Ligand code: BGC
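Quick setup: one chain, the form predicted on its own, written in C-alpha cells, and binding and motion questions come after.
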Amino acid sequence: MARTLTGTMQAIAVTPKQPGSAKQIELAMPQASAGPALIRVLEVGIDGTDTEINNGEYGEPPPGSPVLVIGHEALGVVEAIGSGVQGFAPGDLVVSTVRRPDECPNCQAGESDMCLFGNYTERGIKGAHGYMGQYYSERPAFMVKIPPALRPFAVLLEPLSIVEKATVQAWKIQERMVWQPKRAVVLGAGSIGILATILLRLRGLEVHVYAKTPKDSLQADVIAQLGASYDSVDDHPIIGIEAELGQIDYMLEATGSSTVAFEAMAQVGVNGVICLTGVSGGNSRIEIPSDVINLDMVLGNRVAFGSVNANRRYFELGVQHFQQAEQRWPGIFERLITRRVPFADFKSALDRRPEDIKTLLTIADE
C-alpha cells in the first residue's frame, strides 16, 4: 500500500565536472505514488565510476538540478508500494537496475544496454539521481527481488550483471562455429575480474587471472579458492601470456587500460573471443603491432567486442548464479566485501585503496 513520508532525506551528491565535490545534501523525500515503489536503501557499493565522477571526469545531473546523487550499486528494502504495483510487497529486498530507456527500438524491446540513440539515462551517472541516499522511488520493471538468503552480498548483483552479460554474449557470438572452450584469461582482479572468474569456473573452464595485485594479496587468495590461477603482470607481461599458456579461447579485460586492451587482442587464440569491459578515459596514444593484430584476427577467426551495462535479464541470471556459486564455494562473495563504511564517512568510501575489492557505504540498518 502507498505510504506518505514527509520532510527530507540525506543523500551524497556531486556537482558534475567539479573534482572532489561530493557532499551530503538534503533532498525532498520521494514517494510511493501511482506506479513506483518507495525503497529504503540499506547499502551502496562503490566502484570506479563513482570515484571518477567525484574526480570530475564525467557525470550529468538530472534536468533542472545542479547536483547529481551518485551510486548505482544498491541493495534496498521495499518501504511502501504505490497503487498498481504488483509482485512486490513492503519488506522485500530489491536491487534496481541502472539504465533507463529512450525511444530507440532496442530500448523499447527491453535492451537499453544496447541503446541506439544514446538518449538513455543512468541512475547515479547520466541524467538521473542515483541510490546513495536514504530512499529512492522506482518502477517494478526495474526492480529485481532478492531472496533473503542472499542478503549478505546481494549488493554485488550490479557488477555481477556486467560479467553475466559479457559471458552470455561471448558464448552467443561463438555459436558461429563449433566451439568447445577450455581455457580463459581474465585481466584484472577487482570485483569485475573476480566475479568473471566465478562465472567461468561455474562453466568448468580453466581460468588464469592476471593483474598488478601482489601474489600474497586477498585477491590472489580468493582466486585460488575458486580453483583458478593468479599471476602478477609485473612477472608475467600480457604480451607473453599466449606463449606461456598456449591456446586461449576466451579473454575478459577488466582493467580500464587501453594499452592492456590492445595487448590482449594479440594474445587471444585461434577461433577465440575477447570481451572488453574496462572504460578508458583520456586520449592516450600507444604503438601497437597493427599488422600482426589484423593478420591474426582475420586468419584466426578471432573476435573482439565491447560490453557495457546490463539489462534486467542479466540481473536475474546473476541471482541464480549467486545461489550456485555460494553452494559450491560457501562464503566466497562475502570475501569480496573488504570494507563497510558508515554513511557519514562517505569520503573514506570514495577513496579507493589498493587492497579494496568492494567497499560498501552503509546507509541504514535493517
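Numbers follow the displayed sequence, beginning with 1. What you see is a predicted model, and the numbers here were worked out from it, not measured in a lab.
Unshown form predicted together with the named molecule; subsequent notes refer to it.
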Please tell me whether any heavy atom belonging to N55 falls inside 4.5 Å of a heavy atom of the named molecule, as the geometry stands in the model of the complex. no
In the model of the complex, does V308 come within 4.5 Å of the named molecule, counting heavy atoms only? yes
Any chance D47 has a heavy atom within 4.5 Å of the named molecule in the model of the complex? yes
Evaluate I194 for contact with the named molecule in the model of the complex, applying a 4.5 angstroms cut-off between non-hydrogen atoms, and reply yes or no. no
Within 4.5 angstroms, counting heavy atoms, which one of the listed stretches 93-101, 134-142, 260-268, 182-190 is next to the named molecule in the model of the complex? 93-101
Check for me: heavy atom within 4.5 Å of the named molecule in the model of the complex, for each of E122, E158 and I162, yes or no. yes
